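Consider the single chain below, provided in structure tokens and representing the form predicted alone.
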């Protein structure tokens, strides 16, 4: 009887193991089709030789070259757009952090009337169509002299990244155990000590995640930049959309897409490594 029970248990374990392997293989296959294939197609389109067009039924381009990349860097404002994008994005993330930190603390640690309504209002810039937000904001920015200005562009990008920062930091503040704070107060910790040794270390993973969301949102933002910033300021998405208009140029658009996508992917991998190595110590409130 014991031998039969052991056999059944072994078979059950093996079945679960095979199921996990099957699910993992299915997930990897979906990711390859959903993410890997579009990236591969983008890379191939960016390398198509101008004299050898790639069209159906060809499986792969007949000849590859960097002619499309040379064209983009020679005949577009991509270098200036990169400087603008990677100047606006860090500043908007920094401004979003300083605005979101006290707001997220109040939402995560305090109880007050209308809290849920306020959270809904905070998320409105994400819910509403980007072009609608841009059109309404453009009138306000023009009235205050912020249109066609660098600070106005930073402020607009901050508005789009702020909801992500607030939402993630609010969740991080909510997850801090009250017992830890009570113990620190019983030991005589000051407000500054609690912020430095408890709150900031424990919300650090959420802060990094919020920064990633805000930074990526700023880099990819088109509507606000197009309505408020152009033609004075161009970012990478505005150049990308110029190749996606009536004269759809897939090869040049692929080059711009890769220029915009690769730094974001590298940043995500870097932050992921930081979060993995830092999450345990941060969750315990240790430096």
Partner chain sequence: MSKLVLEELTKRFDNIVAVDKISLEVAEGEFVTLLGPSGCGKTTTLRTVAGFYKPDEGRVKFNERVMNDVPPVKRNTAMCFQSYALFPHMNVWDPHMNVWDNIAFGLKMRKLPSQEQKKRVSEALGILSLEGMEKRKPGQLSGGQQQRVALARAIVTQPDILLFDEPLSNLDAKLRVQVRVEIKEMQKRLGITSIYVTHDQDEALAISDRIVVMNQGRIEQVGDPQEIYLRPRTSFVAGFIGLANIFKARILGFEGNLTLLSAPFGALRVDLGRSYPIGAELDLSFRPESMSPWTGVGGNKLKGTILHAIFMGDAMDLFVDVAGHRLRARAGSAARIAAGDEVEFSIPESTFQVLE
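As the structure is a computational prediction, the values presented were derived from the model and not from experiment. Residue numbers count along the first chain shown, from 1.
The discussion below concerns the form predicted in complex with the partner chain, not included here.
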Touches the partner chain in the predicted bound form: residue 189 (any heavy atom, 4.5 Å): yes
Touches the partner chain in the predicted bound form: residue 202 (any heavy atom, 4.5 Å): yes
Touches the partner chain in the predicted bound form: residue 94 (any heavy atom, 4.5 Å): no
4.5 Å heavy atom contact, residue 196 and the partner chain in the predicted bound form: yes
Option touching the partner chain, based on a heavy atom within 4.5 Å in the predicted bound form, out of 180, 82, 147, 208: 180
